[in-house]
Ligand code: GLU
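Here's a solo chain for you in structure tokens, the form predicted on its own.
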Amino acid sequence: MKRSVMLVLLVLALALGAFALAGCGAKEEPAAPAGESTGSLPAGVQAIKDSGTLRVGVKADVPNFGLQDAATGEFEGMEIDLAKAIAKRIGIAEDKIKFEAVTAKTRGPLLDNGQIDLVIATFTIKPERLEQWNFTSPYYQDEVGLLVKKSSGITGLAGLDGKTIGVAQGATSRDAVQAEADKAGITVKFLEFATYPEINAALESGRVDAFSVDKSILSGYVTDGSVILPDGFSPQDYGIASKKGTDDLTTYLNEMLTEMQGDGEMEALLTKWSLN
């Protein structure tokens, strides 16, 4: 009799234990914050998350895209906000984003040597660049333009025959303008500068007769005494660049850009920075 009672008690204990375990297994996990991934991250993305820091190369001298405040050192612009959106989705705090000011000449090498994870810096997608770095699909499209002083009387590319155009070192603007000049049968000269403010200063002082770069960038340098010419050429698609071989990171970012375009987040960013 005692053996039967003990057997019954053992069965009941096992059943209660199994029920308790089942209850624990059914416990709901807290929801992830809005905008963050709830699934497992690709290896390349997880590596960035594990590092605790997102290192992004951005422009420091392009109004509306990436501009650094000289007094505070803080960055602002559409591409800065895009970097913040990426960090949020990965699960990295905004104060753990490390912004690195880059130029057309330095952004590629900084990616190559591993000093930064991404470049979001009006980086145009070109066939030759696709051989060197990974690029996402475009998040913005622009075209090369020309900024001149109103007092010059220049109204179009033809008016720059025999004149000097300021361009950025390592940028594709020079090739685009040269191709158009060849088509028009005119001769132009170029001076290269490290930064856009330097080109603009050269225009103001008369060292160059025009400042050439993408029109959206030029718009940040227009004054009462200057004007962007109506000529536009060589469409420029901006993409997010990463080191060659980071295919899973590029795929992740492409999926994110598609989501942002679909839910209106990208349009809101462009509107915020007067880029649409």
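On a predicted model such as this, the values are computed, not experimentally measured, just so you know. So that there is no doubt, residue numbering starts at 1 and follows the sequence shown.
Omitted from view is the form predicted together with this ligand, to which the following refers.
Note on the partner interface in the predicted complex: the residue among Ile154, Ile92, Leu111, Ala171 having a heavy atom within 4.5 angstroms of this ligand is Ala171. Residue in contact with this ligand in the predicted complex (any heavy atom within 4.5 Å), chosen from Asn134, Asn200, Thr122, Thr106: Thr122. Residue heavy atoms within 4.5 Å of this ligand in the predicted complex occur in exactly one stretch of 67-75, 163-171, 92-100, 179-187, and that stretch is 163-171. For the chain shown alone, Tyr221 is not a contact residue for this ligand in the predicted complex, no non-hydrogen atom being within 4.5 angstroms. Mapping the unseen interface onto this chain, Val58 falls outside it, with no heavy atom inside 4.5 Å of this ligand in the predicted complex. Though the partner is left out of this view, Ile217 does reach within 4.5 Å of this ligand in the predicted complex, counting heavy atoms only. When contacts are judged by a 4.5 Å heavy atom cut-off, Val213 counts as touching this ligand in the predicted complex.
Interface residues of 225-251, taken as those with a heavy atom within 4.5 Å of this ligand in the predicted complex (partner not displayed): Gln236, Tyr238, in sequence order.
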